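One chain follows as C-alpha cells, the form predicted on its own.
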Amino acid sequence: MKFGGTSLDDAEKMKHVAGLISRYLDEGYELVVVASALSGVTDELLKMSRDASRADADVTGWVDKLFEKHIGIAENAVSNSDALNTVVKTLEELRDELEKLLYGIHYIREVTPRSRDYVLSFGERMSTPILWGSLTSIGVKTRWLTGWDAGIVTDSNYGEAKPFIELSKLQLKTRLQPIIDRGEVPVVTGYIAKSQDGSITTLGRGGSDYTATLIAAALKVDEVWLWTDVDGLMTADPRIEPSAKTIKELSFEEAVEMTALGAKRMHPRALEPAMEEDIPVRIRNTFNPDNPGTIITSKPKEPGGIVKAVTLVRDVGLINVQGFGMVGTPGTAARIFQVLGNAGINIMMISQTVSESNISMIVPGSVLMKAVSLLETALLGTGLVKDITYESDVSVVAAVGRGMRGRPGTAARIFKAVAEKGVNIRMIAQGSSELNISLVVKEGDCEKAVRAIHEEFRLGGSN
C-alpha cells in the first residue's frame, strides 16, 4: 500500500490512514506500506533549495515553519507518549540536519543536483515517522525505514535516479521479508534512495509509486494498492467533463499511455516492475475505501469500448522545423533530436511529413524557448533548415484505448467530432501500437476537444 501526500497531510488523515492499515491487517492481509511526503512539502523543499543561495535567505525561518507543521501533526496523530517522544526526537534531529544543509547551500551560493536531492529527501523522512507513530498508537506492530534502509540502490542521476533493479530487489527481499515474518508492518519512505557511493538520490516525479512497485516485485505480492484522493483513473478530467466516470479496469499498456499523458502523476517507469511480475496495480481512494477503484492488469477481463479515456496535457510548446534541404538528407532528424537530447530536453511528441521538409515536435512549455534557441543556433545557416517557428499556446489532447487497434474509422470519428466543435488540429501523432491518437490544438480549444471526443465515444455512460 502506497499512500500519497494528499492522504497524509493533516493529523486526522494520518489517523485515518493508520486505521485503514489496521483494518486490513485485521482482515488477514500482510502489508508493506510506502509513504509520500505531506502534500505540497516536496515543492516547498524544492523552493527552499533554490532560494537558499540568495543573500537574503531566511533559512531558520523556513525550517522552523516546516517543522512546526510536522510536529503539530505528530502531536495530534500520535497518542502513545513513548512513540510521540521518539517521533519528536527524530523530527528535531532532521530539523537540525536540514538547517545545516540549507546554510551550506547559502554560504557557497549554489545548489547542485546532489544537494537538491538531499534537501528533497526530508519530505518523506519527516512524514514516515509520524505514520509509524500513529500506527504504534493503535497497537500495530510496525517499523519505519528509509528507501535505502529497505535496500533500494540507484545510479547517480540526481533528480531522476534509476534503481539497479536486480540488486535492489534482492536487498528488498532480504531486508523486508524478515520484518513481515515477525508480524510487523514495514513503513518505507517513497521516492528516495541512495546511490552506490552512499549519496541520497530521488527517483523522479511520482517516485513513491516506483518505490511501491519495486518492493512489490521483490516480495512477489498479490497486488499493489496506490491510495490517493480520487476513486481511480477516469475517462476524462471531471473538472473539464462533468460526466466523466471511473474506469474499472485497464491494461498495463493503456495505463502507461494515460499516466504518460498526465492522467495521474505517476513515474513513467512505475508500472514496469509490476508488469514484469504480472502483479495487478489498483488505484484507490483513501477517503472512499469501499470503492474498488481502478485495477490495472496484463489481461483485463472487461473488454471496454474503442476509446477508454481522453487525456489533456497543458503547458507544452510546438516547434516546427522546415527546409527543403532536409529532403532526402539522412540524419537530419537525428541531428535535431541530438541537439535537444544533449541539453536534457525531452521531446514528448513528433510528427514528420512524408516529403521530409517539415518536422514538428512538442516539448514541455518550461523549456520551449531554450529548445528554439538551441535549434536556431545549430541549424540555421547550414543549408538544411530554412525556418524554425514555435507556438506556446497549445495543448495535447489524446484518446487512449486498446479497442482502437485494427478498428477502421476511429481516427475519422475523432477528427470529425473535434471539427464539429470548431476546433482546428495543429498536429497529429499515432504510434503503430494504435493505443493512442494524440492531437495538438490551441490552448483555448483544448477543453472543447476533450468534451467532443468524450461525447463521441459515449464515455460518460457505462464503461
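Note that residue numbering begins at 1 and tracks the sequence as displayed. What you see is a predicted model; the values in this text were computed from it and never measured.
One more form of this protein, predicted together with a small molecule, exists but is not displayed; see below.
Novice: If the criterion is a non-hydrogen atom within 4.5 angstroms, does every one of 37, 205 and 208 touch the small molecule in the model of the complex?
Specialist: Spot residues vs the small molecule: full contact, yes.
Novice: Could you tell me if residue 436 has a non-hydrogen atom within 4.5 Å of the small molecule in the model of the complex?
Specialist: Result no; residue 436 lies far from the small molecule in the model of the complex.
Novice: When the contact criterion is heavy atoms within 4.5 Å, does residue 42 count as touching the small molecule in the model of the complex?
Specialist: The answer is yes: residue 42 has a heavy atom within 4.5 Å of the small molecule.
Novice: May I ask you to state whether residue 257 is within 4.5 Å of the small molecule in the model of the complex, using heavy atom distances?
Specialist: Output for residue 257 is no: heavy atoms all beyond 4.5 Å of the small molecule.
Novice: Is residue 124 near the small molecule? Define near as a heavy atom within 4.5 Å, in the model of the complex.
Specialist: Contact with the small molecule, yes.
Novice: Residues in which of 29 to 37, 403 to 411, 423 to 431, 57 to 65 have heavy atoms within 4.5 Å of the small molecule in the model of the complex?
Specialist: Result for this chain: 29 to 37.
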